[in-house]
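As a starting point, one isolated chain is supplied in structure tokens, in the form predicted alone.
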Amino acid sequence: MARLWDKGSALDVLTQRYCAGRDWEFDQELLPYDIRASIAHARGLGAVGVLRAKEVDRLVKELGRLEARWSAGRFRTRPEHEDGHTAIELALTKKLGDLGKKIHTGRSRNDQVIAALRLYAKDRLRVVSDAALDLAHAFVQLARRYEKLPMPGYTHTRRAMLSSAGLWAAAHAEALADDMGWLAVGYALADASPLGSAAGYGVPLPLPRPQISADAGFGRVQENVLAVQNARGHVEAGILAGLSMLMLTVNRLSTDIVWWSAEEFGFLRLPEEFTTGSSIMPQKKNPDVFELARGGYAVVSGCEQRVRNLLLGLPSGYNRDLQLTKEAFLQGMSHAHATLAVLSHVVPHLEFDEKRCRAACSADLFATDEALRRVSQGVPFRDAYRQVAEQAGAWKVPDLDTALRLRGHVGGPGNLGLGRLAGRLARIRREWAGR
């Protein structure tokens, strides 16, 4: 089977197999995006007279058929193809003869793969954003259900001050909302067309790059053709960095849930259908889904670091090392989405144990309240602080509901502003829907 770079000379089989690696396998997922970019490129070739109008129509129609076959599971890359670009061109040539050989005029596999990866990234970031917003919404709903449920707050993993289940849930929802900004940055990086940059030095054809960019679904053209090649890996690392920040938030909320659902705390109950068991201990109901979600940060940030490391020491222009960034990028995107999707499914089923939460609100949580009570009687705060420290246990647990209401400043346990938070999440969802 001919390869796009084949010049007729003999090929060492082991070397060729090593260089191709698993690219053909990863390109299964990128095929529809490669096809979309190829359609835009064919139209661009028609605009400058390289292809006749009828040739453009035939290519576009056949590329559309290939995408339909891919959707139906009937068009796939194979190991002998080496990559998806070869699979597409060979399929076109088999159907259209010499016309199929014309599709590669004025481009390189370099700008092809970058275009496919960026179009893929845009689509997947929309899906990831939906899952992240679903998870944030689930936490807002949890906060509404338990908005006024008192529970201990912790610093240094020690009891600190009065908190609430609503405050805890809303905190994670707001963190997820903040993380959406990182995804938006990644989307903006991906929304720049590389088409027409070829191997990084352009081509001696007046390709209408803005037209090709718009046809392919990009928001703008990345102009400097060498900058396009130098950006490969940088864009992917930037997107993975945003996903890593999202997974860092997931890591923390998962740790909270794992601990608070343990018998020693008992603040949270995990429905049995979302737990797993032990192969030796019949009584076990394990929070595996949250433990695996907690580990998701290590997976995604590891993919990010792998991409960054592959870029170290590379000179300007294309280098084959960049091929190795593809697996890490696809894996990181996929793992982040899978984690967010399962958590957005499970979190709505969490339940707080009101009795355990209230019983855990011991007198030591109110030391600061006692100090501030003395301040209200004219005692300087530093003196009140020392008095309370010396008289530990000299006050009682106050009415918990009243104590929560006293924390009524913006964002405090008594004034969570859940309506504003829900409105913010709705605005973010609308912004993503408009991308």
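Numbering starts at 1 and runs along the sequence shown. Small disclaimer: the values here were computed from a predicted structure and weren't measured.
The form predicted in complex with a small molecule exists for this protein as well; it is not shown, and the discussion that follows is about that form.
Asker: Which one, 107, 172, 326, 81, lies within 4.5 Å of the small molecule in the predicted complex by heavy atoms?
Answerer: Checked against the cut-off, the match is 326.
Asker: Using heavy atoms only and a 4.5 Å cut-off, determine which of 318, 168, 187, 260 is in contact with the small molecule in the predicted complex.
Answerer: In short, 318.
Asker: Please state whether all three residues 23, 85 and 232 have a non-hydrogen atom within 4.5 angstroms of the small molecule in the predicted complex.
Answerer: Per the other structure, all of 23, 85 and 232 touch the small molecule.
Asker: Counting any heavy atom within 4.5 Å as contact, can you tell me which stretch out of 318-326, 143-151, 357-365, 239-247 lines the small molecule in the predicted complex?
Answerer: Of the stretches listed, the one contacting the partner is 318-326.
Asker: In the predicted complex, is there a heavy atom of the small molecule that lies within 4.5 Å of any heavy atom of residue 113, even though the partner is absent here?
Answerer: Yes, residue 113 lies within 4.5 Å of the small molecule in the predicted complex.
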